[in-house]
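Next up: a single chain in structure tokens, the form predicted alone.
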């Protein structure tokens, strides 16, 4: 059973605007039709600038997470809305369904999040011995190790997890380990919303995949996704693709 069912632009959003964030085609599409979340896992894919992180941050903002990431119960900053898009979104939840856990991960601000945890640890009133983070500072762990520690020890299940490019610090092998952990959490009544470029993560069965591009937003199949297609083409014909890339200045046809 999903906690979050769909998201759309609210009636308070400006009708016409070419400015950020409504100037992004995928965001404007939310005025005409809502984006429905899969009860298990929803992926957002698209090139940089397509709006996937903007949308994910808006959803996280409306759901009560802080800018730097973390849980809803321990926001590292003030509770005010921080996303330009957040105030324009209508986030619909399943009546009577209240998650017991949740987390918002932004790969680009994970360093700041780890630093804030260190500051909390030094405060006698909030110190928890890093119990939920492997028993030591995330800065004392490698980037990939700290991500996996977060997924394995801080994510407890029965929650909503909003993740922006969780593969950023993970090797292919560790991405597979993340899939195993994600599946365990989904079995424990959890819901994931993930922006990613990883063809490995996108392979999770039954997930809904939305592609954001210059034309808007649409649901696609796994094999239709650009991460899958480009990776598949490279692995099947590496020499030809490298010859094309390294001996041709025009990469627009990829």
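Numbering follows the first chain given and starts at 1. Remember, it's a predicted structure, so these values are computed and weren't measured experimentally.
The form predicted together with a small molecule is left out here; the points below concern that form.
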item	value
The small molecule: the contacting residue among 50, 198, 191, 225 in the model of the complex [heavy atom, 4.5 Å]	50
Options 202-210, 225-233, 181-189, 51-59; stretch whose heavy atom lies within 4.5 Å of the small molecule in the model of the complex	51-59
Contact test in the model of the complex: residue 244 vs the small molecule, heavy atoms, 4.5 Å	no
